[in-house]
Every structure is written in structure tokens, then in C-alpha cells.
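Consider the single chain below, provided in C-alpha cells and representing the form predicted on its own.
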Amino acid sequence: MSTKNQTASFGAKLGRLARDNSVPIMFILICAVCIPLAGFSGGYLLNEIITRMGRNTFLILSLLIPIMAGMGLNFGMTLGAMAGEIALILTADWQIWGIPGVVLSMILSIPLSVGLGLLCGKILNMAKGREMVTSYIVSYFINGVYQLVVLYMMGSIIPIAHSSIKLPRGYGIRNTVSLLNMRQCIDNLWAIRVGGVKIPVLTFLIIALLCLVILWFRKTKLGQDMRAVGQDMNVARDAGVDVERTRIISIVISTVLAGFGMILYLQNMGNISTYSSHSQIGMFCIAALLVGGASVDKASIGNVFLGVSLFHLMFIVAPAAGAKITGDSMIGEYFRVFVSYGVITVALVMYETKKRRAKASLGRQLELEQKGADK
């Protein structure tokens, strides 16, 4: 009887583990199928994953603070990405390259990110319980303002000296701004090669520093306030926490970090697609975080690293696997875009289902307690 109970208990734990990690397990299976079909060598895949990890991890880490504060997945991180792009365009115009250019761009992005974060945070405070969809729409609105700034104001109102980044009409920024003189300046500074695999040491040190800051921040008074707000706003308010202010600060921090992350991302790429670099960045970062096993109300640094590895491994192998199976590499492209949106949808549905089950379970428990009290 004891053995049966132990087996049943083990089966229940295994089922719960599979249920809680269904998205990472699904991606591991997809990658396991696609890797042999793609035919890439292990060294190539490792090199690509490390490159993409250095490029994307900082951006994904910027999502953790709002989740801690109970504001869900911050689609408004796109605002920070736009601030980073504007800062890089100005730096490129002033011809300040290399690491000084990256540092200057980060400094320039801070006031823009703080202003946009304050605006977003105040709007989200007016839409409590609907933060994710609201931040998604806010990012579309600010994207329109961004397009106005770079397409009409830069060169006409905001001075732009270099004609190489201006449109031929004399104002507005070209579709692509070259960052060739800044390309991978951080990635290459302390880079080492191990078995043909390039490891950007300085980039990973910056990411490690941000991870340590996040761990330290969780233990501070403000971090504890954010966790309290994330668990229950009413209880936090009764405990003397300024809920609205705390929520705004979490969005501002996330936006500033997203601006820094976008600058690191673009220095790795070596160019700015002026009108589209930021458009999918929020979606892909959120999808990568969810692939790592995070949810709307809980995410860890471990989820970030697992997610960026699995999500980008799928991005690398899916087109080649699609080409082998169907003879058309575009099938793989469609598949990975479909999966990135599908993962977000599945994660949100699972979160809502889990929340409703918990609410129903709590309701049944209260009902039983009430019946017991009546007897």
C-alpha cells in the first residue's frame, strides 16, 4: 500500500512538473527534432547561441522588475528600445564611436527612458488589472510619436549634421543607420576563443552585473515593497506602501534597462533599422522569457537564460530544418514567427486557466468552511 502511495505521489509530482514546465518541454522537443534535420555542427550552434545570448539577455532581464511588482509582461519595454535608438542616432551623427559612443548613448537614453517610463507607468496605474494589453497599445502610440520624431523632426527641428544618415530631402533619418565603427566594440574588447567558439567576456560580465543588481534589489526596501504590491495591492496599501508610486518606479526601471539593452543589441548588430528595429523586440523578448518557463506573475534569472537559449536555438535550426523537409526555408521562418506568437498565447491562456482554478478551489474551500461553521 505504501509503495502504491509513493508511486501515485511520484506520478502526481511528475504530472505537476510537466504541467508547470510544458512550454520549455515543448521547445526542447522541437529543438531535438530540428537539430538533426538542420545538419549544423555543434560548434556552429554553440557559437550562435552564445552570440545571441550576449545580444539579447540584457533586454530580457529588463522584464523581471515589473513582473515582481505584479504588472505582468511589460510590452512597454519597446519604449526604452526607442529611446536607445534615438540616443544611438544622435551619437552616430556626432561621430562618437567605440565604447565612448556606447556609454554616451546609454547616458543620452536615460532621460528619454525615464520620461517615457513615467508616462507609461501613470497610464498603467489607470488600467490596473489590464497592464499587459495597455502597455502593448501604449507602445503602438509611442511608436507613432517616434516615427514623427525620426521622419520629420530630425534634420528640421533637431539638428542633424551628417548627410549620410539624413534622407536626400534634407530632413528625416534614412531607413538604415550604420554603426560599423561601433560594431561589437564591447563584444570584442575582452573576447576569448575556446575551441573556435567566441565568448564575449565583457558583455557577459555586464549581464552578470545586472543579474547581481536584480538579486540585490529584491532584498532592498523598494524591492520588498514591489513584491508586496505584486502579491496583493490592498494589503500592501494597508501596510503603508505607496502602491501607485512603486508601480511607476518598476516601469521606469524596466524602461531604462530596456534602453541600455537595445544599445547593447544594436552595437552587436552594427546597424539600426531606423523604423523597424524596435517593432518586434518586445514580442521576441517576452516569448523567450515564457519559453524559459516564466509566467505572467513569476519569473527568475534562470528562466531568462533557459529561455534565450531554447528560443534562439529554435530560431537558428527551424529555417534549415524547414528547408530540408519542404525544400523551402521560408517555411521555417513562418514556423518560428508562428511559434513566438503562439508561445505568448499559450502562456497567457495557461495563466488565466490556472488563476481561475485557484479561485474556484479557494471558493470551494471557503464554502466547506462555511458549512462546517453552520453545523
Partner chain sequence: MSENVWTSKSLSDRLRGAVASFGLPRLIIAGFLLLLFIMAPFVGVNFFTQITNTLNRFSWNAVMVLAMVPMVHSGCGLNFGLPLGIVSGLLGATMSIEFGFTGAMSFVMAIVLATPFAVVLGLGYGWLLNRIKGGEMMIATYVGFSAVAFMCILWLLLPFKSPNMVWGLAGKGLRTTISLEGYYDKVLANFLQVRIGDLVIPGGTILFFALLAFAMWAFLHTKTGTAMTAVGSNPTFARASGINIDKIRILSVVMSTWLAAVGILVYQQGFGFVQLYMAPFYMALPAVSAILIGGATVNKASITNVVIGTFLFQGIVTMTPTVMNSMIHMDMSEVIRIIVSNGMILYALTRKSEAIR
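Positions refer to the first chain, counted from 1. Since the structure is predicted, the reported quantities are computational estimates derived from the model, not experimental observations.
Keep in mind the form predicted together with its partner chain is missing from the figure; the text below concerns it.
Undergrad: Which residue among Ile344, Ile30, Leu313, Leu306 has a heavy atom within 4.5 angstroms of its partner chain in the predicted complex?
TA: After the contact test, the surviving option is Ile344.
Undergrad: Sort through Gln280, Ser178, Asn188, Ser300 and report the residue having a heavy atom within 4.5 Å of its partner chain in the predicted complex.
TA: It is Gln280 that has a heavy atom within 4.5 Å of the partner.
Undergrad: May I ask you to check whether Phe260 falls inside a 4.5 Å heavy atom distance of its partner chain in the predicted complex?
TA: No, Phe260 stays farther than 4.5 Å from its partner chain in the predicted complex.
Undergrad: Looking in the predicted complex, any heavy atom of Phe58 within 4.5 Å of its partner chain?
TA: No - in the predicted complex, heavy atoms of Phe58 and its partner chain never come within 4.5 Å of each other.
Undergrad: So, Pro159 and its partner chain: in the predicted complex, are they within 4.5 Å at any heavy atom pair?
TA: No, Pro159 is distant from the partner.
Undergrad: In the predicted complex, does Asn271 come within 4.5 Å of its partner chain, counting heavy atoms only?
TA: Taking the distances in the predicted complex, the answer for Asn271 is no, it never comes within 4.5 Å of its partner chain.
Undergrad: Could you tell me which stretch in 190-198, 137-145, 203-211, 78-86 has residues with non-hydrogen atoms within 4.5 Å of its partner chain in the predicted complex?
TA: Every other range fails; the passing one is 137-145.
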